[in-house]
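A lone chain, given as C-alpha cells: the form predicted alone.
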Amino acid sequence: MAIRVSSTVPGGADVVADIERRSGERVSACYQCGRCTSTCTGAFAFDYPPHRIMRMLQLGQVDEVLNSRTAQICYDCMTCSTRCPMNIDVANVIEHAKMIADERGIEGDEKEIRLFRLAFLKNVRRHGRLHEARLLTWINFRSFRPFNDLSLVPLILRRKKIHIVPPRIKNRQEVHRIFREINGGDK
C-alpha cells in the first residue's frame, strides 16, 4: 500500500501536533495492535476503524481524518480507550480531531449529526445541562423543518417529559469554565 501524505490540509504535521497537545495523547505511541477496533461498538458504521485513524494521523493524513465519517459519528463510548495497551485515549484523539474539523468548518458527509452535536454542546454550555425543548426547536429550524415532530408536543407536555423553561442548575459557571478549558477560550 502506498503511503500518501496529506495534501489538502496545509500543515498536516501541525494539525497532528495540535491534536496531541489538546488531547494530551501521543499518537506516535500507537503500535497498531487493533484492540481499539476489535472492541469498538461503532466500527461497523465507520469508514475507518479507530486503529486506522491513529495510523492515518501518524502518516499525516489529516484531511482524510478530519473529513472521515469516523470523526463525525464516533459517540465517545470510550471502549477503545479502555482497551488500549499503551493507555492511549483513542476516543479523546478522535474527539479533538472532530473539534478541529468543526473549527475549520469541515462538515463531512454527516451534516445532520454534526448539526446535532454542535447544538447539543451549545445547549449544555448555555444552560449547564441539556434543555431538550430548546435543542429540538433549534435543530428543527436549522434543518429547515420547523414543524418536524410537532404532533408529539402535546403528548410530551402532558407527560411532563420536557420543560418549557430551562431548569436552573447550581454553579453554572463551572460548566462554562470546563468549556473554556476544553476549547482553549470561550467560543
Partner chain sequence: MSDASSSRYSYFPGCSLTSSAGEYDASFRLVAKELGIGLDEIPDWNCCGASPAPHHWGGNLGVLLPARNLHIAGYGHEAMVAPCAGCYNRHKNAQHELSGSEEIREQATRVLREPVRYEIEILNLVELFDREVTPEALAKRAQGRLAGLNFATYYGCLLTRPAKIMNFDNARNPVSMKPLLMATGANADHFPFKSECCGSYMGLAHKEIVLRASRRIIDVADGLGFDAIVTACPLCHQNLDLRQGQINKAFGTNIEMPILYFSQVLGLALGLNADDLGIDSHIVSARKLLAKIEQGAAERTARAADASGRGGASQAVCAAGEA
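In this text, rigid core is short for the largest set of C-alphas that superpose within 1.5 Å between two forms. Residue numbers count along the first chain shown, from 1. All values reported here derive from a predicted model rather than from experimental measurement.
Keep in mind the form predicted in complex with its partner chain is missing from the figure; the text below concerns it.
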Handout entry: Interface residue in the predicted bound form among Leu59, Leu152, Ala29, Cys33, criterion: non-hydrogen atom within 4.5 angstroms of its partner chain
Key = Leu152
Handout entry: Contact flag, Ala17 vs its partner chain in the predicted bound form, heavy atom cut 4.5 Å
Key = no
Exercise for the section: May I ask you to state whether Pro49 is within 4.5 Å of its partner chain in the predicted bound form, using heavy atom distances? Expected result: no
Handout entry: Contact of Ile169 with its partner chain in the predicted bound form (heavy atom, 4.5 Å)
Key = yes
Problem - Interface membership of Met78, its partner chain in the predicted bound form, 4.5 Å heavy atom rule - result: yes
Completion exercise
Across 98-132, the residues having a non-hydrogen atom within 4.5 Å of its partner chain in the predicted bound form turn out to be Lys98, Met99, Asp102, Glu103, Glu110, Glu112, Ile113, Arg114, Phe116, Arg117, Leu118, Phe120, Leu121, Val124, Gly128, Arg129, Leu130, Glu132
Exercise for the section: Taking the rigid core as the superposition reference, indicate whether the CA of Ala17 shifts 2 angstroms or more between the shown form and the other one. Expected result: no
Handout entry: Large Cα move at Arg69 between the shown form and the other one, threshold 2 Å, rigid core
Key = no
Practice task
Determine whether the C-alpha of Arg83 shifts by 2 Å or more between the shown form and the other one once the rigid core is superposed.
Solution key: no
Problem - Direction of Cα pair change Arg125-Ala97 in the predicted bound form, magnitude 3 angstroms or more - result: farther
Practice task
Taking the shown form as the reference, report whether the CA atoms of Ala43 and Ser143 lie closer or farther apart in the predicted bound form; the distance changes by 3 angstroms or more.
Solution key: closer
